[in-house]
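This document starts with one chain, in the form predicted alone, laid out as structure tokens.
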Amino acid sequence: MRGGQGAAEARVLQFTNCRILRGGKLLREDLWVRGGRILDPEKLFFEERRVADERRDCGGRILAPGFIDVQINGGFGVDFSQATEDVGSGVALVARRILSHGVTSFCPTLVTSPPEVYHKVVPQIPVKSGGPHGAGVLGLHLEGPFISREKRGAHPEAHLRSFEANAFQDLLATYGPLDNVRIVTLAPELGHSHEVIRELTTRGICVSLGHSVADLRAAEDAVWSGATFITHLFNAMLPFHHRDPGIVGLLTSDRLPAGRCIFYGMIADGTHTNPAALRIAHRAHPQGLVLVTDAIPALGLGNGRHTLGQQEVEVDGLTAYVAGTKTLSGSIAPMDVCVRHFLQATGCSVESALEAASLHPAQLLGLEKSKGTLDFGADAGEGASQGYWAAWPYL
């Protein structure tokens, strides 16, 4: 239920004995919810003359906005980059299972694939609201195939592409219709990439820079063309160098459009990024840090061989590799594990760690008025009225 007379007639829930994350602080306040929206209790009392229909004691836990994962390749045996006959049921299974890890919204991510896979899969994953049935789908993240061969990482070389002269039409021919797409990762050093960036951003699609050998100037030019995100900072890009820091240099660049916040994804799984690198990035540009899982279909499963799109991966303990190599191939850590590791590794505040997985990705996607926040009028987490909260006894 969303607004209007129906919402006014819905039951009012009052969450008590909790600390709520609001305005960057943990506050000892009650939280009031009705019809999937967060209420202003003063208006409820004085304008509607209403009280709670039900009170729930949270036992001193933290109530945080639901996490938003903008880079997740699958999980629990489901591979978003596989053109199965029933893509939707796989997405629904992942959406249901990630709720228990605090994720209430996500961007299913496809790695580099042949055009026929995009043409079959992309139309089958529409934007979808969340609820007790599972996390909401905010749109697809297409990572590749327009990326660097040198920094392809786990992406299959045979399916990589560069832009032809009519670059945006080339992209459309590869992906098909873009109605369900929210983020595209590309390498900005590719010819005609800036034309593509401008076209995508005009359509409201977030452009992320990644799997790239771009120098800082090329990265800055891409931001001027409309790019706003960096895919898994430090991974699959040129290493930091004091004379040319490459894409990493965007975190402190003084050549960006006034008022533009650059966001960057970090995989805080204990494998992809050394704790010292996490601390460097966070201290350099804390407000842009977005925690992502980069989880692969092996998430929630055990050791052994699994798929990631067109390739096989081998899971050994806490690490996944392209089979037969030592190339990292995504993560098997869920979001709540990443949040806790990030908190421990950086020594940041609990508030900062939670916002890196909620408010910051919402801001990246322009959804901060309704998601990633517990402000009055915001979404009460997907299905919060049924108890689906990121509720933390400790962090």
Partner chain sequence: MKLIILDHYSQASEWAAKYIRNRIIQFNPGPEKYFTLGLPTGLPRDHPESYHSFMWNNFFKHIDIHPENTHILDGNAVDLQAECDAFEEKIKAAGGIELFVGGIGPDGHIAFNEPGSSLVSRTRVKTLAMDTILANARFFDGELTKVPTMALTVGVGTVMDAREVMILITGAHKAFALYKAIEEGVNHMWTVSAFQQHPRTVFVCDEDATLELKVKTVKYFKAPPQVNRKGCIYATNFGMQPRWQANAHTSAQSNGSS
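Residue numbers count along the first chain shown, from 1. Just so it is clear, the model here is predicted, and its values are computed rather than measured.
One more form of this protein exists, namely the form predicted in complex with its partner chain; it is left out here, but the text below deals with it.
**Report entry** Residue contact check: residue 369 to its partner chain in the predicted bound form, 4.5 Å heavy atom
**Finding:** No, residue 369 is distant from the partner.
Report task. May I ask you to state whether residue 35 is within 4.5 Å of its partner chain in the predicted bound form, using heavy atom distances? Result -> No, no contact at 4.5 Å.
Query raised in the report: Would residue 47 count as a contact of its partner chain in the predicted bound form, using a 4.5 angstroms cut-off between non-hydrogen atoms?
Result: Yes.
Query raised in the report: Is residue 351 close to its partner chain in the predicted bound form, meaning a heavy atom pair under 4.5 Å apart or at it?
Result: Output for residue 351 is no: heavy atoms all beyond 4.5 Å of its partner chain.
Query - Which of 60 to 68, 332 to 340, 354 to 362, 37 to 45 sits within 4.5 Å of its partner chain in the predicted bound form, heavy atom basis - result: Stretch 37 to 45 is the one.
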